[in-house]
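Encoded as structure tokens, the following chain is the form predicted on its own, with no partner shown.
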């Protein structure tokens, strides 16, 4: 990696959101979630693989007890969403009934994954569910569900780092980079 940013699959990425800004935003979101769920034990449903760094950072800042569960739902190939997804690791339905659930996402763009998960969670009998997204592309969002906890609203740019990837590369960067145009 050079000083401007990583080169992944022959494409240059440039700095977009620093690790310091990410840490500040995660602390802010953790404070809001801790206040909203005081005295409760919500389940964090982490959408793998991308949301794991965000989920870990968030959990370390929460002041409420949480239960952790992971799901893997794949919908990206290269730099764009396929428009359809596939559940690779499924929901633990028996653990969800009557629970308050916070879906933890690295990025929400079209909202298809969130809509799918919302339907599945409702079918499992959750008490309620909210979404915590590190990044949100409001301009691409086609959904109607409100995203309650948003870290950063970002433009319609392809990003990597802090869990987000380009064909499984780039997740390890502690900063977020956007594709150079």
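Computed from a prediction, not measured in an experiment: that's the story for all the values here. Positions refer to the first chain, counted from 1.
What comes next is about the form predicted together with ligand IMP, which does not appear here.
In the model of the complex, ligand IMP sits within 4.5 Å of a heavy atom belonging to residue 113.
In the model of the complex, ligand IMP sits beyond 4.5 Å of every heavy atom of residue 14. When contacts are judged by a 4.5 Å heavy atom cut-off, residue 23 does not count as touching ligand IMP in the model of the complex. Among heavy atoms of residue 107, some come within 4.5 Å of ligand IMP in the model of the complex. Stretch 150-158 is the contacting one of 53-61, 150-158, 33-41, 118-126, since its residues have non-hydrogen atoms within 4.5 Å of ligand IMP in the model of the complex.
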